[in-house]
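Okay, here we've got a single chain as structure tokens, the form predicted on its own, with questions on binding and movement later.
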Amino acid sequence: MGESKDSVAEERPKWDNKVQYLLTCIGFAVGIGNVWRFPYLCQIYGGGAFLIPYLIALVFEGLPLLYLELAIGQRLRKSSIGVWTSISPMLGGVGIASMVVSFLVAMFYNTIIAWVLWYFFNSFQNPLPWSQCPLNESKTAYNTECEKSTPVNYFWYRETLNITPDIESSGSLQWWMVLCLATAWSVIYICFIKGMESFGKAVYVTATFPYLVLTIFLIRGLTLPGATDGLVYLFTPDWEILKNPQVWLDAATQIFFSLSVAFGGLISFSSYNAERNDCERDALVVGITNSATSLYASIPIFSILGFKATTAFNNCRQENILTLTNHFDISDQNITLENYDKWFNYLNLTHPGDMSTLPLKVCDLQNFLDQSASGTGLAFIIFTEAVLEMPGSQAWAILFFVMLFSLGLSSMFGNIEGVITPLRELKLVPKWVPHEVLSGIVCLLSFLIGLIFTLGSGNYWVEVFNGYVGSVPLLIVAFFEIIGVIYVHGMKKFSEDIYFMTGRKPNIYWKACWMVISPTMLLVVLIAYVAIQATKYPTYPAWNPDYELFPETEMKPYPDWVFGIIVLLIVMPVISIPLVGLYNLICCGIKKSSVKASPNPYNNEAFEIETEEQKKQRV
């Protein structure tokens, strides 16, 4: 690959320093999913045992892909579309696919940030609004829906989302969510108004602040009663679970998505580097920091969830103590939490008939610890409920949602960068249009389309986008990326590029991963993922107060028209890959046929034929 031209290098913006670049990459990779997805997977898949497939996926899939993107972006100094078109015009669709995925993900991801802002604003109330049920319309009793579920559930599903009973009932726009979404996009626009100059400054706060908050939560969480139970539950390995192939599939997809590869943002970020920069070290720093953050976040999260489980366990026992004390006329304070088991066993032996008729609850700490949740369920239900039990709950709620806001904001920088810079390279926008105007158009368009997520059915659509836009399309894009660099551009050329940038050629580990291991793993994960999805019709959990098992969510199948949209969301981003390839094939065929049809004036074949004919005539 030839060296970049000086004129191109001068036009390309540059990072102020190496720390700014690394913080931006780390901020993009480390997102909300590190806090609410990874701990959940550890919990349901055997605690410490899950780390084995997770680390294997990191070493043989995550890091090689991350290194490849940072290296190719730095060498060619272009965004996703420019990089793949430079390698081969046939691969231009890969860059377009990355851009479309980034745009679709940015729309629903910023809705989550809007929800975080709503909770943040409400965290200043005393008491916290999700701590108790509101009164009904007649002000004579508590709201029925809230009493059937919990105040935390009611605040999330009714006060925040005002959710409809199914995805087919759209409901109306919720004005408070529209305002929060507008605020979220306004913040993104302000941070992105000058491009790298502005978000490069913001990242010093957004990428570092979450670590400060996590550390504060870690110190506080470890001092709470029951924290040890939560950590033991999280990290106790269940080796039998490793026999389940779903564990390996989830580990591979988690490390892939958490590193934010295939979005195009990392390629754009690395393109602002100097050409001679150690991108191998950068990849290791970003990849290891991302995984370490997931582990680090698990400790305060589950120490607090352990505290919540212990509190619920003790409250359950206190209710039983009150029932036993009243029925058997036992003096107050005789039965305590410490001697509860002894009293319970004693009364079972002496009064088995009475004990069998009493409405005693089954209090099992393990059952309370088993109440796992991920995604919005962890952030807006489980964790907010745990915060209520902590002294100074307002302050902890504010800190938690500020942390989620910072994590989401730094991830959004990469998504928007993966849209705006490729738009410039596609030349869809005239050069005279300033960056401020282009950023404003992208943010405004995203906001207007994103209004679908502020409807009563908005949460269901967020789940659709989250489940399907960022899954199969990204796996396909990543597969074509690694094939494009290693087998189209060529391993030998790529090794020379890396030698030019770092002063050393890639070792056998990197070469083996790029040429065989990583593409094989990606292909296996892609096929397994599609196969698992194809075996079952997609369903979604609906919040329906009329459901007979309410407050449990009702599992409903997606309607056919929604299923059609799901297929469209999977196909639409990646359809550009075959289309662009086919277009270039047709163009090449037309060019070749036109060359054959018209004689080349610089070719002497015509002259030679004439002279031969002249010779024959002479003879």
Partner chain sequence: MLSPINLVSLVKKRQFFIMLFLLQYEWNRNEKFFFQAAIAYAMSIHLKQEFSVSDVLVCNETPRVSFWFVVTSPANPLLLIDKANVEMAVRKSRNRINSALLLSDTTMEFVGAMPTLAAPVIPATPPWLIVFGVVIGLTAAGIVFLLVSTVVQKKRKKNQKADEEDDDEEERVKTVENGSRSDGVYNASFSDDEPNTQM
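Positions refer to the first chain, counted from 1. Owing to the predicted nature of the structure, the values given are computational and were not obtained by experimental measurement.
Missing here is the form predicted together with its partner chain; even so, the following discussion is about that form.
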Its partner chain isn't shown here, but in the predicted complex, which of 276-284, 433-441, 231-239, 86-94 has heavy atoms within 4.5 Å of it?
433-441
Could you work out which of L322, L173, A395, L295 is the residue within 4.5 angstroms of its partner chain in the predicted complex, going by heavy atoms?
L322
Identify, from the list D341, D364, D329, D546, the residue with a heavy atom within 4.5 Å of its partner chain in the predicted complex.
D329
In the predicted complex, N314 touching its partner chain (heavy atom, 4.5 Å):
no
Report whether the minimum heavy atom distance between A534 and its partner chain in the predicted complex is within 4.5 Å.
no
Hey, in the predicted complex, does L428 get a heavy atom within 4.5 angstroms of its partner chain?
no
Touches its partner chain in the predicted complex: N122 (any heavy atom, 4.5 Å)
yes
Considering only 183-214, what residues come within 4.5 Å of its partner chain in the predicted complex, judged by heavy atoms?
T183, S186, V187, Y189, I190, I193, K194
